[in-house]
Ligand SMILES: Cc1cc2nc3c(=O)[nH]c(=O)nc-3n(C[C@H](O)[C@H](O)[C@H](O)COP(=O)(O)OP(=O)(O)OC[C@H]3O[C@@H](n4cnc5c(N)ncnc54)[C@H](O)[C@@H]3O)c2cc1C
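Have a look below at one chain only, the form predicted on its own, in structure tokens format.
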Amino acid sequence: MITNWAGNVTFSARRLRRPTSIAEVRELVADADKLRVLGSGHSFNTIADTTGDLISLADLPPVVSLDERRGTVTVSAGLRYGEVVPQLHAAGYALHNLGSLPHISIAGACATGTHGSGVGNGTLASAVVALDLVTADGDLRTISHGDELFPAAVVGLGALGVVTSLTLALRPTFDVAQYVYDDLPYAAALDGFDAIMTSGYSVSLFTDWAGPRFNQVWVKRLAGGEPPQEHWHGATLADGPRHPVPGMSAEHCTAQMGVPGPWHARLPHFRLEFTPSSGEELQSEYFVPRDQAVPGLAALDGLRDRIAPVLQISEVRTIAADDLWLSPSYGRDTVAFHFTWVKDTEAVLPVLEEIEAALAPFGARPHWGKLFTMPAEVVATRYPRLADFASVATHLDPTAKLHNPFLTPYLQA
């Protein structure tokens, strides 16, 4: 039995294939009648499910190839961020952004529009400048920035083929100092939202929605700047390390208290050496235009009594606009409302319906790899290039080999 990381999805695949070469990937794809690719399993819905062959790329040769002249790195699709970023730092380079977890696969994170944080930082996928794609007929294609298919292929949901490698843009390595503030008043967060979210390279607000406050503010700043204020927007500088989930030990979190360290050891919330939880959670996330952040938060505030009883923690982050068709930040600077729920799907789904209704006036887009209840015809109005993407998918996969019950409604909406 194969399950996702959280254990809320049991895959329907008849077998799991683990190719060890690109040639074997091409053969498996060409011969399959149905297939999907399994990354690190951190999606919370059935986006990766199939009744055919489930393919893991974890056994492909681990490639991390620097091109210093172009300022890029090419990585094999089976690698996770945590396996790559220390090598980049050691060579003097960095990625512009990282997610909360270094444990996720690079290809899977890019394919689903997973994002990291920072008003000036695009999604993880916005670092991609080229990718190698095995299409449904087994053909191997390189799609580069500037190619007609590029904005469809990067956040491709696994619907256009099997990505076997990605080339990512780099920047010089940098150090970050991370500070946490306790108890930001809700009213102060609304009044000072832009000032708060622009106060660092990456900023996260955490709340359990149980009271009129944000429990914590995590501010990640470039090292060497001014020391933090002890009192800031009504919040107080933490007197020790914190974990975003109430009652959890901070041992598994990245270093705080302003101790400078390399980007890859500060931008994630959690350390690579530890598994941040046992999978006893569900997750959802919705994206609205950043200029609608305050009314969006006010709408969620009206659902406190519904959200808090089934919530572990909620996080608010910002992401810069990009031009990738199925990115949640396509065409607009974005604020993300993230929810880590208790592991009770039956209790969570009705709350998601209420959240989606409350955020509908702001054109909320759901995260492709997390739980949501929004009908496909509504999703199609939130992702304006979805119909164009569906046309590309039909062209590259005319027999719908890469479709599954999760994807098909969106590709036909």
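So that there is no doubt, residue numbering starts at 1 and follows the sequence shown. What you see is a predicted model; the values in this text were computed from it and never measured.
Beyond the structure shown, there is the form predicted in complex with the ligand, which is absent from this document and is the topic of what follows.
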Original post:
Which pick from Ala235, Ala152, Val162, Ala189 sits with a heavy atom within 4.5 Å of the ligand in the model of the complex?
Top reply: Val162
Original post:
Exactly one of Ser329, Thr207, Thr318, Ser105 has a non-hydrogen atom within 4.5 Å of the ligand in the model of the complex; which residue is it?
Top reply: Ser105
Original post:
Pro366: heavy atom within 4.5 Å of the ligand in the model of the complex?
Top reply: no
Original post:
Is Thr254 close enough to the ligand in the model of the complex to count, meaning some heavy atom within 4.5 Å?
Top reply: no
Original post:
Any chance Phe372 has a heavy atom within 4.5 Å of the ligand in the model of the complex?
Top reply: no
Subject >> in the model of the complex, Asp322 touching the ligand (heavy atom, 4.5 Å) >> reply: no
**OP:** Within 4.5 Å of the ligand in the model of the complex, counting heavy atoms only, one of 352-360, 377-385, 63-71, 37-45 shows up; tell me which.
**Re:** 37-45
